[in-house]
Ligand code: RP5
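Okay, here we've got a single chain as structure tokens, the form predicted on its own, with questions on binding and movement later.
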């Protein structure tokens, strides 16, 4: 069974990362969501990543704030694609998490998306684009979604257009 794993560093990340899960649901992509901390539960994180890989996880999405080491720790445990979602909070309101997530050492890549809800949604889309390399049905769904988004922009514009 192929699926996406969403790992959040704490329960406070849930309200944002449910957007990621909802986006995957919309496209029928199997996923699971757990709380596991790089700092408070490192053994749980290690065991979960190993077990998820064995069960068919293809992409890991990791959300954490402040020091935001979760994505980097998961990257150290697997060669599967990792997508990091920096979370708001801390003294820099998410900028610290963004910098921590994006600044990985050579050979330990973490694809990093925007801070917060936009990042949660984009993490789901990026995971699906990765999965669509081997899933033509998903690729078609993503292409159809792009077409619908473009049509919505045109429709929205017609609702408000003012011309000379």
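All values derive from a computational prediction rather than experimental measurement. Numbering follows the first chain given and starts at 1.
Keep in mind that the form predicted in complex with the named molecule is not shown, yet the notes after this line are about it.
> Determine which one of 45-53, 58-66, 99-107, 126-134 lies within 4.5 Å of the named molecule in the predicted complex, judging by heavy atom distances; exactly one does.
Partner-contacting stretch among the options: 58-66.
> Using a 4.5 angstroms cut-off on non-hydrogen atoms, would residue 10 count as touching the named molecule in the predicted complex?
Yes, residue 10 sits close enough to the named molecule in the predicted complex that at least one of its heavy atoms falls within 4.5 Å.
> Taking any heavy atom pair closer than or equal to 4.5 Å as contact, tell me whether residue 40 reaches the named molecule in the predicted complex.
Although the named molecule is absent here, residue 40 would touch it in the predicted complex, with heavy atoms inside 4.5 Å.
> With a cut-off of 4.5 Å between heavy atoms, is residue 82 one of the residues that contacts the named molecule in the predicted complex?
Flag for residue 82 set to no.
> Please determine whether residue 87 contacts the named molecule in the predicted complex, using a 4.5 Å cut-off between heavy atoms.
Taking the distances in the predicted complex, the answer for residue 87 is yes, it comes within 4.5 Å of the named molecule.
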